Each structure stands twice: as C-alpha cells, then as structure tokens.
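Take a look at this single chain in structure tokens; it is the form predicted alone.
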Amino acid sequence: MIRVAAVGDVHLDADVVGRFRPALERVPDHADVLLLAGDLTRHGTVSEAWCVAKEFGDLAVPVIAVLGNHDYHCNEVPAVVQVLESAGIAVLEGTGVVVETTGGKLGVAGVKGFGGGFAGRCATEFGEPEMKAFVHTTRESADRLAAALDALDSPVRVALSHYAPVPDTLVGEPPEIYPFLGSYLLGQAIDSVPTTLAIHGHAHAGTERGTTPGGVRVRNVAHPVIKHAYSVYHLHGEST
C-alpha cells in the first residue's frame, strides 16, 4: 500500500511560517510522499517562496508540488520555482516524477491547470480571441497533463493540479464561479490514462471528495477544506 499525504492553498507568508511544521515533521510516520496542490504563497513573491521552502523543505519524504494562481500573481514564477527546488521540492508543470516507496513505485504527473467550466456549462474556443485564448490555455494544460501521466513508468499514477478536474469537489462554492475553479478538460485528461487518484486545491469552500466520469477518485485538499496540515490517502485503500 502506498500512502499519499496532500495539502494545498496554504498561502504562506512570514506570519504563517511554523504553523504546519510540527505536523510535517511527523509525515514519515503516516505517508510515503507529500503532494502540494498549489497556492503555496499569498502573492507569488520570492520572499514568500523562501517561507514555503522553510516550512516544507528538508522533510524525510519526497515533496512534490504544482503552483497555483496566487503563485503566479507577481510574475516571479521562475525564481519561485528555483527557491522551492533548492529546498528539495519538485515542482511539476506538464511533467512527472516516479518515486520508490515501500509499497512500490508511485508516479505523479502535475500541472497548474486552468478554468473553463464543466460539461453543459463550459466555455468554448469560439468567438473573440480572448475567449479562444482562455479555453486554449486550459486545453493545452490538459493535454500536458495527459501526456505526463502517460509517460510515467509506474503502475500507480496520481494526477496533481491546482484547478479542479470535476465539479463534485466544488460543491459549496457559488455555481457562478465554477468556470474559474476548474475544467472538464482536466478530468478528460485524467481519464485518458489509467490513473489511481487525482489531487487538487483552489476551491476553499468546496468539498473533499469527488469522482471523474471514468471513475477516478478526486480529492480537494485545499487547507480550508481538509482543515489539517495534510490528509493521507491510501492507494488501494480508504483515506484516513
């Protein structure tokens, strides 16, 4: 059995450093890997990235992350990624990584993702250039996720994103903002490859549990939803 710990939307800044660390020090007792589902910072500054590095770096398990919309806000993404990776945090964007655990190989593929909505109530690549560009951004992200999942040399695959791949885990958010919280294209990407679990954040008022149309378990691990330093999911078992 492979144990996956995950959390997102921690929005770290100097005044939050230390809040999660005591629980994080105990991650190896409960999980084989820790996944971070974006919005690691408040505004995407390098100084905030150093706070994330201090809080989540140098743990005794692999730490794998994607960025979120907040992490892009100040247009310092390359420098933010460099800081996180200097602390041993793998940052994925259309890429994947395979880690060895006591339960076997675990493959993780990640993208930030983007919005657009869900089947029956979604934006399309039609009309103004701005609308086409909006949906094209999501389609490109979904295609990168599908390719990264497919490339993983592992029988157990996890899809990691910030934006939601299904509407199930958005329940509790105003329906009017669903198109800005995720896209069905991400769900299609996940269903295109045998995937065991999908992890995302972003929806602070959403619901933890959902399922893709193809039957893949989806979990919203935004900190305001799970209300813990992390949740642990057993692949081939139930979550704790």
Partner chain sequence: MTERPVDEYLEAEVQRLLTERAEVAEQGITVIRRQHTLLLCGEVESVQRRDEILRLVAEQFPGLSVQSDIGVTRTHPPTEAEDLL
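This structure is a prediction, so every number in the text was calculated from the model and none was measured. Residue numbers count along the first chain shown, from 1.
Separately, the form predicted in complex with the partner chain exists; it is not shown, and the next lines address it.
None of A53, L197, V193, V33 but one reaches within 4.5 angstroms of the partner chain in the predicted bound form through a heavy atom, and that residue is L197.
The closest non-hydrogen atom of T207 lies beyond 4.5 Å of the partner chain in the predicted bound form.
Residue contact with the partner chain in the predicted bound form: N69 places a heavy atom within 4.5 Å of it. Contacts with the partner chain in the predicted bound form, taken as any heavy atom within 4.5 Å, map within 7-40 to D9, V10, H11, L12, D13, D15, V16, R19, F20, A23, R26, H30.
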